[in-house]
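Presented below, as structure tokens, is a lone chain in the form predicted alone.
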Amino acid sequence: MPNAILLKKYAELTVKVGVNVQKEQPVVIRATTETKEFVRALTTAAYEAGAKYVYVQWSDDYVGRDTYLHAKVEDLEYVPNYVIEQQKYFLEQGACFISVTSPVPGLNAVLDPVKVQRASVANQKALSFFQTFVMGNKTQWVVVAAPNQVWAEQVFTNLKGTEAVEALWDAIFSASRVTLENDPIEAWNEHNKTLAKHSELLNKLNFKSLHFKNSLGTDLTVELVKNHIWAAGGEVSATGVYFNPNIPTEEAFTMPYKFGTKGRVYATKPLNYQGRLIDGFWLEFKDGKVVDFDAEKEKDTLKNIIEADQNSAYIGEIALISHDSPISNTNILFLNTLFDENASCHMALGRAYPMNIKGGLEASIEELEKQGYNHSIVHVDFMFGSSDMEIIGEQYDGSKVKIFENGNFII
């Protein structure tokens, strides 16, 4: 068990700073059975904050693995109407959403990746309205993490059992700015102010494109949409509520122009996707689209991401993070994108965030697409930052500004 005081602080941070639960607002918690202690703490914190009710949607990765292993693919692709109606009900009620990630890396390595992908695509299509709603910040949402033993032992390979789990709890608390001595909520208020300064400066510079280069072979140009907005830290929902969608977070991110990415990028950290660990991979882009790729491990899984739909081969997010940053400096490979993406510059294959373009939250998908927005059923982040990354931004008048040197912000 984690320290009770720290767990309570972490739960309150998630509820009050993460989703910022409003009085009489329903709260939906999505979590695996591995995280029941934290979910109980979240439930208490949510009710104490004034939640109307708390609904927990449980899942179990081991049950899920056996289901994928034994069920017919056509049955896996069937999404019952009650599942769809339940999500519609939550949206109609104005609920906010807490997702607790607790991956079991490698659990699904025995599964047919095509079968898993077909089921995933069917589910994402059936619930695309929900993804559009949440990624459009129509309500508050947050992703946080809690350990399980398998994950902890893979992160801390020299530890076993309870010791590994406690070590991962300590790492999660530290990355989330939760300590015995501090007030995490106040710490996050100050952190959000610092992140806001980064995004304000990047917005003022108004780059047309970014050029990334390092010794691993990354040589990539990413054009940004006109009227793009850099965001960092907290966001404001369509209902006017300030919230933090990721705990932890260190990034400043914006929207690429769908057809404006060219060159090659090499991943610098493994990508845990659907229980499979993709490693040693690179992508080649032309006119915004992945035209070639390879991976040392799980190439077929990478292929499934790229081919999930007609737009998953294009990127929807580009994010900047100094290599010399709190999570990076732990030298811990978390095997979880929530943490690893905040230790490295990253980009996402698939859907973009409407908030990253002026007027985006009020615009229709069709209007956004005319401006170069990428609409997809997936949004998969992968990390490509390094200690020697150089980034040069080009402005609309042709002038160039060096943003990163030796992996870090210099502006």
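All residue numbers are counted from 1 along the displayed sequence. What you are looking at is a predicted structure, and each value in this text was computed from that prediction instead of being measured.
Below, we refer to the form predicted together with another copy of the chain, which is not included among the displayed structures.
Looking at 355 to 363, 30 to 38, 377 to 385, 338 to 346, the stretch with residues near another copy of the chain in the model of the complex, meaning non-hydrogen atoms within 4.5 angstroms, turns out to be 30 to 38. The contact residue chosen from 76, 216, 201, 185 relative to another copy of the chain in the model of the complex is 76, the criterion being a non-hydrogen atom within 4.5 angstroms. Proximity of residue 370 to another copy of the chain in the model of the complex: non-hydrogen atoms within 4.5 Å are absent; the residue sits far from the partner. Mapping the unseen interface onto this chain, residue 127 falls outside it, with no heavy atom inside 4.5 Å of another copy of the chain in the model of the complex. Looking at residue 292, you'd find every heavy atom of it more than 4.5 angstroms from another copy of the chain in the model of the complex. In the model of the complex, another copy of the chain sits within 4.5 Å of a heavy atom belonging to residue 90. Although another copy of the chain is not shown here, in the model of the complex the stretch 57 to 78 places heavy atoms of 58, 59, 60, 62, 63, 66, 67, 70, 71, 72, 75, 76, 78 within 4.5 Å of it, in sequence order.
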